[in-house]
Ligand SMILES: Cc1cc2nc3c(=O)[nH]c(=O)nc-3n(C[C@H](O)[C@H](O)[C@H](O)COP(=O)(O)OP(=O)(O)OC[C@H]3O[C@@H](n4cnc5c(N)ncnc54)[C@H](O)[C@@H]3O)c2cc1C
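The chain below stands alone and is given in structure tokens; this is the form predicted alone.
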């Protein structure tokens, strides 16, 4: 039996990994025979091309020019797999556009799942004295499917038609997002950061991503920036503003149902957090200081400070009469960043517009009320479009709105709604062979209605 055959047999038996090895060749030319032909490489040998390390020149670090491998070409490239990016990818793919989504973590949902912000606020609004659902289409389908697998609770009566603002289980939500993305046929790259854009004139033609595989390129006809922080439109030079906001960290408390809450209340503990589908668990938010989420020193410091404060708080709870069974189940893998960059778009939506329920002929969705107690607010397509840079649409918390409206725009329901609108618009632009700013909004609205969205 040859070595190759042995490895194949061991792998088939599940024993291959401990015996496998790799020979990393820096350059395929190292394996060239005297006659110029390439030698046959050993099993598991990997060819790696020439490297282009940064150099120190005159006290400055210089990154030499280097070619990048194009690993994928697509119609619609969605950057970010949070609620907005998820909805955009599903919408575009279902509309028939070849779609790819890039996410820096290993799951969909962003701060909803990885940040453990489990409450889906603003699913409804009030019109003519009646509560109506505004988060429809892809976002509503997702929460309904999570509910069917037992991953959701409502604080309202479950059997009532009047239920709103659900709380979801993060793992059930991740699972269902994977399912819907796979069903739609979108290509996915997890564990990849977008570090630059690819420009052609004044238009974006793709993105540069970085991962364990190094730097690579993805080409696209339209990009949806659902990064949350406007990473793509900022790299492309689109006009935008930067905002500071509270950066917190969510944690989960275990054994809630075993604690004696009456004793703890008598000892001065007012709350142990919000309910989850699992009765033994509560999730607890932490607002944190308002600062710059684009500063890695700040992020590092806050991550450590928040984690220490959370651990010490839970230890204090465990020493409180009635709180002995409690334990720290989990701190969120993602810091709770609320806002950073905001696009300066073709149309800036204002808080005043939202509270007046101002109508827009180019509406791609309707935002809801946090307590379902005021009118819905139409969201204009122009709020997703940069003023000058082409082939980009923004979605989620970074679209064009004023400072006061951030508190509504950054919520999960609004992100699902704007993501759905951006994905549909991207698909229509690709099919029409035009720039997103030149798209027939009527066609976008027709597609959104076909996909179940609510436009007012």
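Residue numbers count along the first chain shown, from 1. None of the values given here were measured: they were computed from a predicted structure.
Although it is not shown, the form predicted in complex with the named molecule is what the next lines describe.
Proximity of residue 92 to the named molecule in the predicted bound form: non-hydrogen atoms within 4.5 Å are absent; the residue sits far from the partner. Though the partner is left out of this view, residue 415 does reach within 4.5 Å of the named molecule in the predicted bound form, counting heavy atoms only.
Contact between residue 88 and the named molecule in the predicted bound form is not found at the 4.5 Å heavy atom cutoff. Of the heavy atoms in residue 256, none are within 4.5 Å of the named molecule in the predicted bound form. Every residue of the trio 79, 227 and 334 has some heavy atom no more than 4.5 Å from the named molecule in the predicted bound form.
Just one listed stretch, out of 404-412, 53-61, 427-435, 66-74, contacts the named molecule in the predicted bound form at the 4.5 Å heavy atom level, and that stretch is 404-412. Between the options 285, 216, 348, 320, the residue in contact with the named molecule in the predicted bound form by a heavy atom within 4.5 angstroms is 285.
Out of the listed residues 206, 151, 137, 109, 109 is the one that sits within 4.5 Å of the named molecule in the predicted bound form by at least one heavy atom. Contacts of stretch 180-198 with the named molecule in the predicted bound form, defined by any heavy atom lying within 4.5 Å, are made by 192, 193, 194, listed in sequence order.
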